[in-house]
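Single chain ahead, by itself, as structure tokens, in the form predicted on its own.
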């Protein structure tokens, strides 16, 4: 950007959109700032598979900001409306009510939708997905005591929802074609240990794929790979990934390839538009990176977009991080475990907090912890600094990680 815009419209009220607005105001942006969100309030998505799904929180509890934050920050909040068209030559945004919004610059934070594989029967009303609060509400109504739920996909959403459903007294079966879901993210050892916890909580697991669904009115018959007969369930949850929302981007000719293509400063192929969050893919050194579909990644996108709009220095990159909760366990992961050539276990799985570390030529490149967030905090600093450590010292739980960070090179 060659100048600071006088007005910005942000489309999408997830963490990427709200994070962009917050970073702009924190950075001193004094222009008009509008945030458009289709729901009645911008809200957080991670609780949808946990406390919100369990009925322990409502929409107000998971709001990303208190109601008065938007007025305090001078953010015009437009809720309950969707954007139907973009008119880049006129710098206008058309809303579903017929109104238009003017903006010098647009930020797309459109997120995505839960994927539905192209299988027979997946459009049945008894087949659920989990990406927004309406979908969580519909799924929650099916999670009655004694109901039979099939969860397809053992990744973050599938495992979290399966855990929540089991706690509600639902009979859960979880299937995934991978022998160890999340292996690339957390490593084979931790991934296998986490997956085995499902059985301890009464969840039946099977390495298999869903073949088809037959809607029988009040129940469905699910044909599962290698099972001789279809199995009967009261509901099915598909946790098989997301589809980025790129419709608006495509209508104005933005470069799109399984996501909205952005550069390192969140610019798209049109000078009027930046994009952040789950719908984006970054091009770095001529290479398109996979979408980073995690909470903090979207927040960092917003910070980078704000810096671009303000003409200030970009924030210092840091190792990617995510968390998940299941069966009373809190798991955090940082870095890229699939890049590790050696792994070091610190502590004993099942015997209190523990962590697993990924090293490459002695340098820390990743870590995953179970109920030990301090380990991941230390690991992140090591990764960001390119720290080389002794595997023996790292495996010794008596070694102070802060001391290891200070003394290692």
Ligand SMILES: Cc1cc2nc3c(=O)[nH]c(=O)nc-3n(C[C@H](O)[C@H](O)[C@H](O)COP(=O)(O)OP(=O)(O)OC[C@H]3O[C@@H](n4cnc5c(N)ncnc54)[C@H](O)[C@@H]3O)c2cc1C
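Predicted model, so just to flag it, every value in this text is computed and none were measured. Numbering follows the first chain given and starts at 1.
Same protein, other form: the form predicted in complex with this ligand, not shown, and the subject of what follows.
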**Asked** in the predicted complex, does each residue in the set 13, 17 and 82 place a non-hydrogen atom within 4.5 angstroms of this ligand?
**Response** yes
This ligand contact at residue 193 in the predicted complex, heavy atom, 4.5 Å
no
Check: Is residue 111 one of the residues lying within 4.5 Å of this ligand in the predicted complex, judged by heavy atom distances?
Finding: yes
- Using heavy atoms and a 4.5 Å limit, would one call residue 37 a contact residue for this ligand in the predicted complex? yes
Interface membership of residue 278, this ligand in the predicted complex, 4.5 Å heavy atom rule
yes
Partner contact check in the predicted complex: of 346 to 354, 45 to 53, 365 to 373, 25 to 33, the stretch with a heavy atom within 4.5 Å of this ligand is 45 to 53
As a check of understanding, the residue in 249, 213, 174, 298 with any heavy atom within 4.5 Å of this ligand in the predicted complex should be identified as 298
The one residue among 157, 143, 309, 237 placing a heavy atom within 4.5 Å of this ligand in the predicted complex is 157
Applying a 4.5 angstroms cut-off on non-hydrogen atoms, the residues of 218 to 247 near this ligand in the predicted complex are 245
